[in-house]
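Before any questions on how it binds or moves, here is one chain, the form predicted on its own, in structure tokens.
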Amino acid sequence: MKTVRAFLVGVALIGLGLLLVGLRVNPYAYFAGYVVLQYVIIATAWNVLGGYAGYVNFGTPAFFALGAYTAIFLIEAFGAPLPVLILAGGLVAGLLGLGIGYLTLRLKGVFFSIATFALSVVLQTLIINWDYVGGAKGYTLIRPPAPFFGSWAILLFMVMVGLAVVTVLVARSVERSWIGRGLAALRDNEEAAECMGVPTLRLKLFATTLSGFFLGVAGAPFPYYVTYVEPSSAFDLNYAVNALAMPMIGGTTTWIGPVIGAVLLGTAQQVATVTISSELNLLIVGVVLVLFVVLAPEGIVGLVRRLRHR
């Protein structure tokens, strides 16, 4: 019954997105909404591994950029449409997650985090030297006429609405399944979970693959959003910082936490970009993160639960 209710809420959110499209507001509002929803996907995807399983991943930009450059390759080679780009970007990033999982998941703590950061550096170096997808000079995309809505701003916004709803519903289903309970067990005490018969390695591989898949999905529409992609923008440090900060601000042990953190922090960043300066984005993230680590280490969700039980 709860699953059906969640599905209906997802459909209602997509309907709300269509309603907003009908209002035809300032085009920047759709681009800003795209960015916020993109961070909802990124934060939720990161949380599958970092929150549910407790493995902090600093390689978010690698998976995001891989989705973007997979899309660029398919555009350049075959002129593939956007749905194919999204699926392919997710699959390639998911395969990378699976492969990296086999290589790094025997590492723990800071060693795992350093290994994932190194992955981002290595992959960026490879992309810089791959001229077919633009290399160091970047890749310029000439967008064709936008189908359906007649505007790429609106189309990309609706695409991201749908992708965000699907990502959150999948994360919620994982959390409430035996997989989520297994991931929670290994997050709390991996050795004890193994002794109890929990298939920890398989669960961690599942988490890295699923997390990588949705990070790639978030990155695949990126070339259509910016029209000019260079390695420094695709591998932007902002993705790693926000992917970590947003779930921590919202709460990492539940599916709703990354959504709350992404909406609040992403909206604050977009407002700051328009009213003050985009250079303040990382400062905003840093200040808010420090405040929550000190005052509410379990995030907004944990703070609400604590207040309820008083």
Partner chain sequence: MFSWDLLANAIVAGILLGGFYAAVSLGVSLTFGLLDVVNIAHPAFVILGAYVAYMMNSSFGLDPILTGVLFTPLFYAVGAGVYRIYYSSFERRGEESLRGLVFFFGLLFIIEVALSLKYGVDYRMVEAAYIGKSIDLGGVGIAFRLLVPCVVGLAMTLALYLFLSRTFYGRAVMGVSQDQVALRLMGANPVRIKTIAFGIGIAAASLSGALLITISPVVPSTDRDYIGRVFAITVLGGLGSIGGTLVASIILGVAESLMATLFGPSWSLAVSFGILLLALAVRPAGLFGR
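Positions refer to the first chain, counted from 1. Note that the coordinates shown come from a computational prediction; the quantities given were computed from them, not determined experimentally.
Just so it is clear, the following notes concern the form predicted together with its partner chain, a form of the same protein that is not shown.
Contact between V25 and its partner chain in the model of the complex is not found at the 4.5 Å heavy atom cutoff. Taking the partner from the other structure, its partner chain in the model of the complex has a heavy atom within 4.5 Å of a heavy atom of A115. Heavy atoms of R143 never reach within 4.5 Å of its partner chain in the model of the complex, leaving it off the interface.
The closest non-hydrogen atom of L244 lies within 4.5 Å of its partner chain in the model of the complex. Shown here without its partner, the chain carries F58, T125 and V294, all of which come within 4.5 Å of its partner chain in the model of the complex through at least one heavy atom. Though its partner chain is absent from this view, in the model of the complex it lies within 4.5 Å of a heavy atom of just one residue from V166, L237, V84, L201, which is L237. Of the listed positions (S151, S177, S233, N129), a single one reaches within 4.5 angstroms of its partner chain by any non-hydrogen atom in the model of the complex, namely N129. Of the candidate stretches 48-56, 29-37, 65-73, 257-265, only 48-56 has residues whose heavy atoms lie within 4.5 Å of its partner chain in the model of the complex.
Closer approach of the C-alpha atoms of T104 and A185, by 3 angstroms or more, is seen in the model of the complex than in the present form. Relative to the shown form, the Cα atoms of E190 and T104 move together by 3 Å or more in the model of the complex.
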